[in-house]
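Here we start with a single chain on its own, the form predicted on its own, put down as structure tokens.
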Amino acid sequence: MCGIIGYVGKGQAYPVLIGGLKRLEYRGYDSSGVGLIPSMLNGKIVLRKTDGKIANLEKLVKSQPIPESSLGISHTRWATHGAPNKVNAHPHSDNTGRISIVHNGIIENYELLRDKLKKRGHKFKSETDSEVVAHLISEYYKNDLKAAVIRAIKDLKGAFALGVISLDHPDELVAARVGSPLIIGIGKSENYIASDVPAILEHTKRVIYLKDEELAVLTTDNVDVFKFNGQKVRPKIDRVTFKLDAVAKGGYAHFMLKEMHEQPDVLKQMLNARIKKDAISLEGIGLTDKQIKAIKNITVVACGTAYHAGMVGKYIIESLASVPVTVDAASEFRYRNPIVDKNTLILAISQSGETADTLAAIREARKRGAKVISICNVIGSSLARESDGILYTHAGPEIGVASTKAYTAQLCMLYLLGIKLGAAKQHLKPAEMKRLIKDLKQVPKLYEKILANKNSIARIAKANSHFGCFLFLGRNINFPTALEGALKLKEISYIPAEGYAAGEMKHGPIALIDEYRAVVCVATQSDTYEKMISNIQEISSRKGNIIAIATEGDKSIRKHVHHTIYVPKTNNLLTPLLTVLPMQMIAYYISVKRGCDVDQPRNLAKSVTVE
């Protein structure tokens, strides 16, 4: 969850570190800190740490200036062990103050290690698991920082990405990873470590995606990478393709608003790249057409918003290809003795490709012989490296914590996969396939039409922003849309919200309905439209305040509801691509009206890299 950035070079470290932290704040913003080795050594590492957002750290450094330094590490925290305060903020140091570390992840055996180190005379200041790492490195240090880090790592259980500096090595930065993401940036007379590319994109586009159980030693002019057994490896240097403005707001009030508006282009680019003369190209899938045709069942594993995308995917694939699909919360998958084998295709979905539970799920599946295909946005991620095939969505960086464009890109990829499967299995007739592809190509234009109606949607959202509880209802393929709408509202406005299959309303949720609740109903034209209208009438008779998301031209629905948001008419199977956009906009404008932090909602971080 946390964000790390480190620098070694001929320039000044602090401006690089603070700028990088700002671009990593979506990974955590409970507290932050920097640790610097002064160019004029004075016998200690200079630390500045504070609770709250990175702006607080900037204020602290302004009031307590730091010396010149060309080597440093920094950290923005999402709290796991210990309250978000100055003492628990990173970097953490050993008792001598000569070694400092930053850490992302969880050390599962930290209590055992802490007790052992205390008996050896080590004194701890914080409540964190991370501080153990600094003391452990100090315990093993014998004038070789790399060797001490490797030896300390062997004692650690859990997931971690580490940045380490020492006063005895004022021109050396050591980094290591197990389970948590870490990249190396290659510059000119300067090098970097970071949790994610945006932190260093201003300075370099040449990166090394550090692999699991690898360690790197960075100096001003060199980067050496080793396995934990000490064997030197030759890493691949990749070039980042997206530009710096992709991680800037670009004149929008919030990243979330910008990313909602980017969705038409994201979908257009994906469709242009993946559809060739009415045929679907799934380059990267890692399966031949014969293997695709032979797929008998699919299990989707994902978390959060990606899980909702997987639920839509179930409807898509079963409808188009007649292949049975189960959808599992990745956090539960490996704990229930899942029944998968070599005949099961695991479809993993994750925006970051670093979601700890999803990675654990695919590792369990692969142990049982299953093949893994992943849908992911981040090139070089752990999920991409550990999968048999990878379908990149290429949605670009998503900075807003509440996912928008990554979700719709995942949906789009699932439609492409469903069409490909349907064609391979000859369940989808050529004429139907051609018609569906044609309709899919129209979706970006339909998005632009919905976005053009943003002022009307904003008025409706703000008019309902005072309600203390929301219920989201949908049927069939738009049931997952109701779940996603509820999640978006909860994430960024803190209003309690539930998503339900509308047919289940009478089995409990109807007890919530009164004049103090708002109900958002997905009621587009479909085979279940009349059933949905019946649900709406039941809500209306109990004085519920209803917002309907309906198909353009449906004027009759107005007599049953308080507000109507229209989406353009399209193939019913494609409606989740359209109905989710008003859901995102409702959540956004309610959050703005309530004065909430849209891009950095409390207690959340963008990538959940710990269990």
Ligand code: F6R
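When you see a residue number, it is the position in the sequence shown, counting from 1. The structure displayed is predicted, hence computed values, not measured ones.
The form predicted in complex with the ligand is left out here; the points below concern that form.
Quick one: which of 271-279, 366-374, 237-245, 484-492 gets within 4.5 Å of the ligand in the predicted complex, going by heavy atoms?
-> Answer to the contact question: 484-492.
Applying a 4.5 Å heavy atom distance criterion, does Val312 contact the ligand in the predicted complex?
-> Contact check for Val312: no, nothing within 4.5 Å of the ligand in the predicted complex.
Is there a non-hydrogen atom of Met260 within 4.5 angstroms of a non-hydrogen atom of the ligand in the predicted complex?
-> Heavy-atom contact with the ligand at 4.5 Å: absent for Met260.
Going by a heavy atom distance of 4.5 Å, is Ala306 a contact of the ligand in the predicted complex?
-> Yes, Ala306 sits close enough to the ligand in the predicted complex that at least one of its heavy atoms falls within 4.5 Å.
Does at least one non-hydrogen atom of Ala402 fall within 4.5 angstroms of the ligand in the predicted complex?
-> Residue-level check for Ala402: yes, a contact with the ligand.
The ligand: the contacting residue among Gln351, Asn191, Ser180, Ser381 in the predicted complex [heavy atom, 4.5 Å] = Exactly one listed residue reaches within 4.5 Å, namely Gln351.
Could you work out which of Thr355, Thr524, Ser100, Thr408 is the residue within 4.5 angstroms of the ligand in the predicted complex, going by heavy atoms?
-> Contact residue from the list: Thr355.
Since the partner is left out here, which residues of 263-277 would have a heavy atom within 4.5 Å of the ligand in the predicted complex?
-> Heavy-atom contacts to the ligand in the predicted complex: nothing from 263-277.
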